[in-house]
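Given as structure tokens, the chain that follows is alone and in the form predicted alone.
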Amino acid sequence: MQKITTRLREVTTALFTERLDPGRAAAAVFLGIFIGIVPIYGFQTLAAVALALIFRLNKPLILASTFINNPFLQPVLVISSVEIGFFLRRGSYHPFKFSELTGAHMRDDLLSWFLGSLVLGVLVGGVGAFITAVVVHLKSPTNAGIRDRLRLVNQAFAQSANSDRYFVWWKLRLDRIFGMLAAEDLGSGTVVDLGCGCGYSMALCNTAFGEHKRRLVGCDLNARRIAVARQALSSLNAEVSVEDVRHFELPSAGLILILDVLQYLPADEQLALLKRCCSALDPQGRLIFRAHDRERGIWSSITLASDRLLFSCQRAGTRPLILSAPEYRRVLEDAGMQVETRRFRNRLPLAHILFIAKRPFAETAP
């Protein structure tokens, strides 16, 4: 009997904890809510289990999410779906009465109900998925080690404007790059951040790793962001300026970061910048940059589309240019660097490759 109880406990634990990373948990909640809202009564549980098996999602989570269609919320969901359906089909809302579902216009009303439920399912499911991703990310044991570090970085921006403070807060939690940086050996010596924005990456590399006197050097073309960085990093050994990364004079550095800059430059200027960075590194220094992953199918297409939208909103006057991973690797290896790559997908979801290039000690003659 004890063996059976132990086995049941193991199975239950496995079911409730399977695939609970933020992305898959969000997908499970989205599909569960969507299935719960769409009027396929009698088949909702079957559909939820089938999708959980097909997409390898957390089964209890997707099933629990279908219970949004409960006796307390069902009237609200039905009325909202019908009204949305009427608006989409006729351009105006229609006073809803349950009695009309059995009248002469029943077929027309049911069509509006079904159409509206699809839209409502996407909207409510999207909100639920977003909240789930944030909660799972914040509660994930793998992030417990950097939670205090993120708090220290946020404290540096406590006196910034609300828009800047909230931007940094969400950026640090939704962009997986910061967790990856926290797991890397970031060496010692001067930190250079090309395209530093508000300076949160430099703050993380300094405050988060306990080197309060580490020299921080950054540049960006956005004068407003540089002003925010100067205020937030005023208590640190930081030098930030409004300059173009292509003409910025690089000091000798133990760490150089390029996180969201390369895609703004033509191919030859990207490669030239990487060569200059390699030359500026101290022995054992590191160059860390990320680029879009062009080999992830639909995720690559979503990433490129999001960048094109961003470029359009910024009126950049150009289109994002991403070279292939072998091209980036080749220029680094030709400069004598030891290169590692980390493929990852962000939480939005965007597909990236993190390049970590380390300059070895110079060889000495025998």
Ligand SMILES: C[S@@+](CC[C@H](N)C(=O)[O-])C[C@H]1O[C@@H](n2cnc3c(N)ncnc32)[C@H](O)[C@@H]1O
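Numbers for residues come from their place in the sequence shown, where the first is 1. These figures come from a predicted structure and were not determined experimentally.
Missing here is the form predicted together with the named molecule; even so, the following discussion is about that form.
- Mapping the unseen interface onto this chain, residue 246 counts among the residues with a heavy atom inside 4.5 Å of the named molecule in the predicted bound form.
- Looking at residue 265, you'd find a heavy atom of it within 4.5 angstroms of the named molecule in the predicted bound form.
- The closest non-hydrogen atom of residue 276 lies beyond 4.5 Å of the named molecule in the predicted bound form.
- Taking the partner from elsewhere, residue 196 is found to have a heavy atom lying within 4.5 Å of the named molecule in the predicted bound form.
- Think of it this way: in the predicted bound form, the named molecule has a heavy atom of just one of 171, 149, 296, 165 within 4.5 Å, and the residue is 171.
- Interface residue among 133, 216, 287, 259, judged by heavy atoms within 4.5 Å of the named molecule in the predicted bound form: 259.
- Look at 108-116, 77-85, 218-226, 154-162: in the predicted bound form, residues with non-hydrogen atoms within 4.5 angstroms of the named molecule sit in 218-226.
- Contacts between 306-333 and the named molecule, taken as any heavy atom within 4.5 Å in the predicted bound form, involve only 310.
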